[in-house]
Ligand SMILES: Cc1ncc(COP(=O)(O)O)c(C=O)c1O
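Just one chain follows, in the form predicted alone, and it is written as structure tokens.
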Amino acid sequence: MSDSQLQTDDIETLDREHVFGTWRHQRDFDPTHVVDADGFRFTTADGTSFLDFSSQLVCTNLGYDNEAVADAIAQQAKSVPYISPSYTTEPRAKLGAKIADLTPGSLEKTFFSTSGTEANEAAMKIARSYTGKEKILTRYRSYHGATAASLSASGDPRRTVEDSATQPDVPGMVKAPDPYAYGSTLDPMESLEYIDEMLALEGGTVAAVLVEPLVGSNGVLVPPTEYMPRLQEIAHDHGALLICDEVMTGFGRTGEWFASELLEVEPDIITMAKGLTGSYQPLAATTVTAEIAEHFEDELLNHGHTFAGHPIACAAGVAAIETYEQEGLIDNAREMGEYLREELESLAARHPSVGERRGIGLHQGIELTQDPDERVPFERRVDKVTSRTTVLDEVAERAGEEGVYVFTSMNTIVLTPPLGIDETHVDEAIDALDIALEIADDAMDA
């Protein structure tokens, strides 16, 4: 059969037979053929159109039809499509300078890679080299990537599944509690004092504290405003750096370029990916302070990638940043985030199964509960790595039947739409969720 004769069933079967699905038992893998994407919607082969209200995996910040980014990719592909990282190109140099201008504090110099996972791997290696220490302290409700070290740094249940591919952890990872008031015995600020004691008991052996300023796929957790500055102070008191993983929250998602700004902290190292190009190209960055950069003037940066600073990806990054600026998308995310917050609060008041709304800007989530007094979840953490269909899965599916795509994680419906949305898109999503949440409301009595 020629490629031109392939039908949707053929494409889905070929993919199912010859391509691994991610994070799943392969028997459950049933991919749906997507044939078009435009604006903030994508369309499957059967003609069904979905409003993308999660930006896929919190990454398609610009939507699907940005001509400036597409043109930058095409133009760079026709000039210098690839060159070794030992050379430079205009897009790489310009993007490095733009990131230095946009990031908070004295963050100055960047290592480019291709995914958030790699960005966090680079950050950990840089911190270890700079401090001469080995350990990395992270939190239990966290996700930092899929490779050995970054998954070991994560607290996500994908790390703890009984599988020789993920266990034992890479040595040197230390886990701490989270700022999770809804589901923890510790108040968020009490959890900081716990971290302070942990670092003291580790005896000055921790190179860095690695955290998501706003936790993403582990429940959209928002710390108190004073949390991040105090966390950095604690880290520095014990000779550790603060690494902020902004793979999800970078590039306007919270209504600021980076969540670190919003939470009044200037990290020693910041990592980013996803929104850096709006996911038009795979690109990530690890950016460090001038002081850390100076360390490597005479010390070996023992790290590299074939595709580090890929010129096409960097061209996409420059064009994406220019789009954020020219179209006022950061301001729009702030304004639409406030509107979305208000509508979600109203939604929660109508549905007893909504236990808590959390989020900032267009980084929002609603956690569901079987019992709001006892805070009984519908979805257990272990369900992340099982084939069990949960009530949240059913809610997301029902929203999809109403034409709105959302994804769920850790008992939370994650709502992270593209930054260019308007009130009509919010209203459409809320209407779909209003219908879908009846499933959860009914399940409270089951």
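When you see a residue number, it is the position in the sequence shown, counting from 1. This one's a predicted model, so the numbers in the text were calculated from it and none came from an experiment.
The same protein also has a form predicted in complex with the named molecule, omitted here; what follows describes it.
For the three marked residues, G116, E212 and M248, a heavy atom of each sits within 4.5 Å of the named molecule in the predicted bound form. Partner contacts here mean any heavy atom within 4.5 Å of the named molecule in the predicted bound form, and among 136-144, 231-239, 251-259, 181-189 they occur only in 136-144. Not displayed here, the named molecule is approached by N120 to within 4.5 Å at the level of heavy atoms in the predicted bound form. Using a 4.5 Å cutoff between non-hydrogen atoms, K274 counts as a contact of the named molecule in the predicted bound form.
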